[in-house]
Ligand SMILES: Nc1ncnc2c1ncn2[C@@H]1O[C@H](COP(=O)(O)OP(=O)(O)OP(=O)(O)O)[C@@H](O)[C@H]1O
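Below you will find one chain, with nothing else, as structure tokens; this is the form predicted on its own, and questions on how it binds or moves follow later.
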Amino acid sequence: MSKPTTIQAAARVTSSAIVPATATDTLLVGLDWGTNLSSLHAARGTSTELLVQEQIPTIVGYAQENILDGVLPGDARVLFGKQAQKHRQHMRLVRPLQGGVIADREAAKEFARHLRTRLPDNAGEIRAVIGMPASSDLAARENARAAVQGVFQKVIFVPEPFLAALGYRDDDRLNDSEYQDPVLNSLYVDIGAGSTDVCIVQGRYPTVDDQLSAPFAGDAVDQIILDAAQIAYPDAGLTLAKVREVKEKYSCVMGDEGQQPAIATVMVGGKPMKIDLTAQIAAGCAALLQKTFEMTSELVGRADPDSVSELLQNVIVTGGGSLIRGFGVALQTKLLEEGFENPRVRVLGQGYKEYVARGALKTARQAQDRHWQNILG
């Protein structure tokens, strides 16, 4: 059933000897369904040509009551992604996912149907590999399956850290003795919006002991900044959306010397007011760094002692939190100060969202028919 199918598919994508059973006219989809942003890749069968490569904010907007005709495009009652954000003044915005798993089933179904509109009309059978948080349970996978019912005909759910490693893997260097294959022995730190996930990837499906997850990530940092800012500037009328905007521009863990002044302009009574959020942003980012360090340290302590030396050379930070300036260097420094031997931390950078979707599409191309789970529409 579903569990062995996922495990077998994840394990088999590490082998170059696989002969895919997927027909060339089947549309294959790799989906990183994220809390804030989703990445969608699609291609025909084993073709390397991408028909779809798109990032879509994971937002569903429902039109407010009594909206006048012509205010929303096409007088739509539901909008998605950037269009929903653009018209947020006239919409109730819903994020279908929280912490990487479905929190609002109806909104998730609406968003999944929107994803289908981004694919070719003549797609035929659509098979999708969907990334799931490493710690997601059976209920989370069943909710995801229900959400994409009628959108995709067959699916495989695979842990996101494994897909990220597979997507990040340089297939052209696998025979290079100097190359450190992220699929074989790496520790992935995925800092998203709703959760921070740390996972050991060692060429197989991660077990419960290989992973840690905490509901402390980008959203929690936003709340820390907002709470502190409201104490310092009680009349500024700050919102989470404004705090997130400023944080994404100025977030930093480089100390006083590397921290740019984080000056935000807010409107108070129709007049612009400048406020300094430098200290609040620094405190929020420092809290995230400390939590990530603690989780990384704990998971390294669980690893096979014979693998730890190589594992520490392949600590990879991804997710939106990895874009905090100086985060990789700061995490490496804390590990070194704690006594870990010669750690090496790399940050995937701006393209981090592409790696999970890319790895998912690789999995789809190489999966055999028996690995796919049928979804009845």
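Sequential numbering from 1, following the sequence displayed. Bear in mind the structure is a predicted one, so any value in this text is a computation, not a measurement.
Keep in mind that the form predicted in complex with the named molecule is not shown, yet the notes after this line are about it.
Screening 158, 193, 200, 107 for any heavy atom within 4.5 Å of the named molecule in the predicted complex leaves a single hit, 193. Checking 218, 284, 96, 182 for any heavy atom within 4.5 Å of the named molecule in the predicted complex turns up a single hit: 218.
With the named molecule omitted here, the record of contacts in the predicted complex names 347-355 of 62-70, 44-52, 330-338, 347-355, defined by a heavy atom within 4.5 Å. At a distance of at most 4.5 angstroms from the named molecule in the predicted complex, none of the three residues 31, 359 and 367 contributes a non-hydrogen atom. The named molecule is not shown here, but in the predicted complex it comes within 4.5 Å of a heavy atom of residue 36. Looking at residue 308, you'd find every heavy atom of it more than 4.5 angstroms from the named molecule in the predicted complex. Contact annotation: residue 251 falls within 4.5 Å of the named molecule in the predicted complex, judged by heavy atom distances.
Remark: residue 317 does not count among the residues lining the named molecule in the predicted complex, judged by a heavy atom distance of 4.5 Å or less. In the predicted complex, 319, 320, 321, 323, 324 are the residues of 317-351 with at least one heavy atom within 4.5 Å of the named molecule, listed from first to last.
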